[in-house]
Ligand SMILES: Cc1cc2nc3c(=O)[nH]c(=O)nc-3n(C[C@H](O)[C@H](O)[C@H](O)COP(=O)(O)OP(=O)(O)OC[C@H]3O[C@@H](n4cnc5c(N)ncnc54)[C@H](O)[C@@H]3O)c2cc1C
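A single chain, nothing else alongside it, follows as structure tokens in the form predicted alone.
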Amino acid sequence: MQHGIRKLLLLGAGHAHVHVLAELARHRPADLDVTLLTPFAYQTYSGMTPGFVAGHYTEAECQIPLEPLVLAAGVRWVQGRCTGIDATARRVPWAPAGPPAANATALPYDLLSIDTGAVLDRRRLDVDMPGASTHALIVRPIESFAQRWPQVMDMARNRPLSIAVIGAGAAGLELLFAAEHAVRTQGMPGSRFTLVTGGADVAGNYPPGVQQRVLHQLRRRDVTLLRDSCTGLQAGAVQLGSGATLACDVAILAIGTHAPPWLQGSGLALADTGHILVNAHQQSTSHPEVFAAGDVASRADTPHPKSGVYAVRAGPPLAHNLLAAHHGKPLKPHHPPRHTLNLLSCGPGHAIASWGPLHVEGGWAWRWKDRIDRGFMARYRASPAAMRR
């Protein structure tokens, strides 16, 4: 039996932790002291970011402000970044998001939940693609990408641009379609668009039928397809694996994500990829007081793709198990679905919908996605009083 105040540290404000905050707003045990460590004042919903790029949404419409959630939940908010984890001592060193602070001491915890979202390790990027951190518009962190995108549109209104998207997965494709729509409708005529696939198939994680639909959309939009890899970037150019150089004004880097480098040396059990290894309860396989969800985690029992769909679904069971762990009650397993609804936005109010081997497309699919995304946002943007009801 636990006695006294216990400390729960929420590391990051990803999709799952937004739900945890909302649940704590409805019911936070009096003997649970909760701290949130995150550098941003809002959570940018990745599912709506292509719509922001395309001009369908404002930046604010894609953001969930954290302050109302934090206030409603009675949570202490520390605005900073994790720099490491000491799982043995149960402490998390951190650095302020702004100027250095003299009192930035490590945060202790009894329970730790990690949901920092997808990241790209800049040092690792510059080894694989020299110059990437300096010359590419990198999609992660998504908050920084959203802040920089308006600068691209300012350029496009003054002259035709050559834009290259590096990465042919869902993120790269949606951003390419969104950028093409925005620049062609709001910018100067004559802009050119190129997709650098990295040598992989376009939409390689999707069924062949969806891949054919994507290729058709690329042809319709006159996008140049290069089945080549990016080996480096410099001002105004992308170096390709074939030895050729692709001239471009803007290179958008939307490749697969990395595990946070600060997990190394944490003492937590990690997957081969460096992500936190968790069990069916989203609980560390080595430290039962540590939980993790979203792109930072890897299921030991049922691996699944790292995507926002799975991160959102992880929220309710994570909130339940954190409170159950605090009360010393049995945990419930989380069963990710075998198939998920995927809605791939294609820019001008058009989307490709797929469920397992089934796939269709049209404007109605985009409106369906828009309704789902707006509904998700509305759920966590209620007033503090409404959240407590």
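Treat the numbers as computed from the prediction; the structure is a model and nothing was measured. We number the residues from 1 along the sequence you see.
Keep in mind that the form predicted together with this ligand is missing from the display, and what follows is about it.
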Check your understanding: Among 139-147, 275-283, 177-185, 217-225, which stretch has residues with heavy atoms no more than 4.5 Å from this ligand in the predicted complex?
Key -> 139-147
Point to revise | The unique member of 348, 39, 68, 55 whose heavy atoms fall within 4.5 Å of this ligand in the predicted complex | key: 39
Exercise for review: Heavy atom within 4.5 Å of this ligand in the predicted complex: which of 292, 248, 230, 171 fits that? Just give me the one.
Suggested key: 171
Check your understanding: Heavy atoms within 4.5 Å of this ligand in the predicted complex: does residue 308 have any?
Key -> yes
Exercise for review: Give a yes or no for residue 15: in the predicted complex, does one of its heavy atoms lie within 4.5 Å of a heavy atom belonging to this ligand?
Suggested key: yes
Review point. According to a 4.5 angstroms non-hydrogen atom cut-off, is residue 131 in contact with this ligand in the predicted complex?
Key: no
**Study point:** is_contact(residue 116, this ligand) in the predicted complex, heavy atom dist at most 4.5 Å
**Key:** yes
Check your understanding: Which residues in 355-374 have a heavy atom within 4.5 Å of this ligand in the predicted complex?
Key -> 369
